[in-house]
Every structure is written in structure tokens, then in C-alpha cells.
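What follows is one chain in C-alpha cells, specifically the form predicted on its own.
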Amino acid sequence: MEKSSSLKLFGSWASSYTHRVQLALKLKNIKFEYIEEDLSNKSEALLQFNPIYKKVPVLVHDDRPLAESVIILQYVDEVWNERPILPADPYERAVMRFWCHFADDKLGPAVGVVFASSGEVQNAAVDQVHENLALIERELREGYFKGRKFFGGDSIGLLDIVLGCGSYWLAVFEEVMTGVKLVDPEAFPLFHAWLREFEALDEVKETIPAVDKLLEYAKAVRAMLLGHCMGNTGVTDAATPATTAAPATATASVPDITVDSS
């Protein structure tokens, strides 16, 4: 525990990427100081510690900063090797890293477009989310993770943290967007069962904010995003489908589904 005597985490309460790091530190019982960032008025400390991307989370260990959540998670696991979140086998570590990249490169951006759009653009993005979830479902059914309670085995590991801290947004988004179904238990039974197991963990419950607070936040962000899209296209009728929402706009603005928080 001496290693964590000077450990600070700069984050945002609604950031799934911040939650990743918080959860890993909780699982390892590592004490740290948490600094909540106002992302509309970023602190000088955050800009100093992450001058390249200027985003959260940032972990500062003995005055040495690290950015990007998955990099932070791997660092934490190497420094504090109690309760490992990465497997010992090199091939299995590589598999975990591949699927973490898939989550942030494929699944997350698709969910981001669903949240930030409507009409035909949103329908196409929902299809893409389902295609990505089908790939994960197949891995759980007959691939590398077949027969496992968690992706990490009997306990959660790196991929569980990366996928889980973000997948809770799926249910929140379904509440916000009438008629949108992202995770159908019948279509994705293994993924759905895994998510329920993940959300039932005490450390997860302690990390993820209350659903009503997330709902309120998501509703406000979606209203802002759709208003921004309509303002850019000259559309004033709220019922008109937003068909010009670009993935870049969506992924940069949604509640941390696709990129570490802006």
C-alpha cells in the first residue's frame, strides 16, 4: 500500500472511463485521492498533467501522470499485482487487449452515434451496435470466453472493466430514447447475463452512479446534441429526423461511451 501513498485520480462523475479506473483501484483496495473535474472549465492541474488530450481520467502517481483509461488500468495492474486484472498467459493478455480495443474502436462509437442522432442515422447505428454485440455474443457462446462467468474467468478482469463500465449506459439510453432497444436478452442472452452479473458486484455498485442521476444527465446531453445537430442543418422541427449527425460529432460529445472524457 506504500506505493499508493501519493496517488491522485482526476475524473468526472459521469465518465465511464473514470469509472474504469475507480473500479480497478477499488478491486485492488488501493487508496487514492479523487479530484472531480468540471469539464466545461478544466483545471490548470488537469491541463498540466494531460496537455496532449486535455481529458479525464488522469492518474498521477508520485507526481508522474498517466492518461487514457486502458493504459492506466494496465499500469495499475503492473504496479499493484495483488488481485490481478490481466491474466498471466501472454496470449490471453493479448486477446483481452484486442477485445478492449474492439470495445473502444467499434462498439462504443456505434453507441455514441445512436445517442447523438435520430431517424435513419440512428437506425443504421442501432444495427451496427447489434452487429458488434453479436460478435461478443458469439465469443461468449463458442469462442475464447465460452463457459466463463466473466471475461476474466471466475472474477472480473480488464475486459470486464472496460466493457462493463460503459455497458450500463445502454439501459440508460434505452430509457431516454423511446423505441430504441440496444440489448435484447433474447438476441444476446449471454451478454445480457454477463452484464447482470457484473452490475451485481459490490465494487461496481459502489462505483457506478445512481440510475436516476445518469438518466437526468443523459436526457440533458441528448437534448443538447440534437439541438446542436438541428442548428447546424437549419432544422427547427424537433420531429424531423437528424440525418447529418457525423460520428465524429457524436463520439466527441456523448457521455464517454467512445473516447476518454473530453
Partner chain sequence: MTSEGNEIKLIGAWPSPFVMRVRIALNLKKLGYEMLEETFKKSELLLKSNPVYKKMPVLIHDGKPICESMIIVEYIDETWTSDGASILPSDSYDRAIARFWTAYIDNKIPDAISKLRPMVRGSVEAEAEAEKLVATLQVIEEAFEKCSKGQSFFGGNNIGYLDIALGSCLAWIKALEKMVEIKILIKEKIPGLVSWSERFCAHDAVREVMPETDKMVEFAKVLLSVMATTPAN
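Residue numbers count along the first chain shown, from 1. Just so it is clear, the model here is predicted, and its values are computed rather than measured.
A second form of this protein, the form predicted in complex with the partner chain, is not displayed here; the remarks below concern that form.
- Residues within 4.5 angstroms of the partner chain in the predicted bound form, judged by any non-hydrogen atom, belong to 48-56 and to none of the other stretches in 192-200, 31-39, 48-56, 216-224.
- For the options His101, Lys181, Arg83, Lys146, the residue carrying a heavy atom within 4.5 angstroms of the partner chain in the predicted bound form is His101.
- The single contact residue among Glu142, Asp127, Glu120, Asp105, judged by any heavy atom lying within 4.5 Å of the partner chain in the predicted bound form, is Asp105.
- Shown alone here, Asp154 lies farther than 4.5 Å from the partner chain in the predicted bound form, counting heavy atoms only.
- With a 4.5 Å cutoff on heavy atoms, Leu135 counts as touching the partner chain in the predicted bound form.
- Using a 4.5 Å cutoff between non-hydrogen atoms, Arg64 counts as a contact of the partner chain in the predicted bound form.
- In the predicted bound form, at least one heavy atom of Pro90 sits within 4.5 Å of the partner chain.
- Interface residues of 74-95, taken as those with a heavy atom within 4.5 Å of the partner chain in the predicted bound form (partner not displayed): Gln74, Tyr75, Glu78, Val79, Pro90, Tyr91, Arg93, Ala94, in sequence order.
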